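Single chain ahead, by itself, as structure tokens, in the form predicted alone.
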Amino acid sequence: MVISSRASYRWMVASRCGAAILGGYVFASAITVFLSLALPGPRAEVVLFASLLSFIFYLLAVIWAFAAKTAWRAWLWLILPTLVLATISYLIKRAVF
């Protein structure tokens, strides 16, 4: 089965949209959790601050998804930092509580 260049282009755009929407959301969530656990201060204020910052990181992830050279690179550079942040958050949570 041969995929035409037009279909290939559409799949690439769909993949970038998926990276922007899903990958960006997961990345912003991971960074929110990480900042909520890592920043000092009263819990409510830190969570609020991290949540507000997550909108900026979500925007940056969306921009990155469409600025990356390939769709695979966009996915890769959204997944890797998310995994690192999730791992660090897990270790912080496990060590503190």
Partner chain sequence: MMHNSFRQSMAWLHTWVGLVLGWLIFTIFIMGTASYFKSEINQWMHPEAQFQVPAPETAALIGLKTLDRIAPHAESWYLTLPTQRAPLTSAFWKEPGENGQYKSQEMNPLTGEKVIARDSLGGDFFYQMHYQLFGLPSTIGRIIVGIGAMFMLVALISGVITHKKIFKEFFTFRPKKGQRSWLDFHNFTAVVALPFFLMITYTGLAIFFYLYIPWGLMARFGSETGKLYDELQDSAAVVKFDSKPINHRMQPFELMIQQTAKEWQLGSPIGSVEVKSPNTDQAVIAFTRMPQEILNNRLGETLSFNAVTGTPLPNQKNQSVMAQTGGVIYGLHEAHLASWPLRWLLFFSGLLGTVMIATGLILWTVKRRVQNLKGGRPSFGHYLVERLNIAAIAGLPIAMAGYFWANRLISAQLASRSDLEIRSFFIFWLLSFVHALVRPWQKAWREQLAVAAILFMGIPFINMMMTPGSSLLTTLGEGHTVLAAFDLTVFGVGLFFACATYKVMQPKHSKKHNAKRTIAKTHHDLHAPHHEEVSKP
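Since the structure is predicted, the reported quantities are computational estimates derived from the model, not experimental observations. Residue numbers count along the first chain shown, from 1.
Same protein, other form: the form predicted together with its partner chain, not shown, and the subject of what follows.
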| property | result |
| --- | --- |
| Its partner chain contact at Trp72 in the predicted bound form, heavy atom, 4.5 Å | no |
| 4.5 Å heavy atom contact, Arg6 to its partner chain in the predicted bound form | no |
| Lys93, heavy atom within 4.5 angstroms of its partner chain in the predicted bound form | yes |
| Its partner chain contact in the predicted bound form: Tyr25, any heavy atom under 4.5 Å | yes |
| Trp77, Thr82 and Ile88 all contacting its partner chain in the predicted bound form, non-hydrogen atom within 4.5 Å | no |
| In the predicted bound form: members of 43 to 61 within 4.5 Å of its partner chain, any heavy atom | Arg43, Ala44, Glu45, Val46, Val47, Leu48, Phe49, Ser51, Leu52, Leu53, Ser54, Phe55, Ile56, Tyr58, Leu59 |
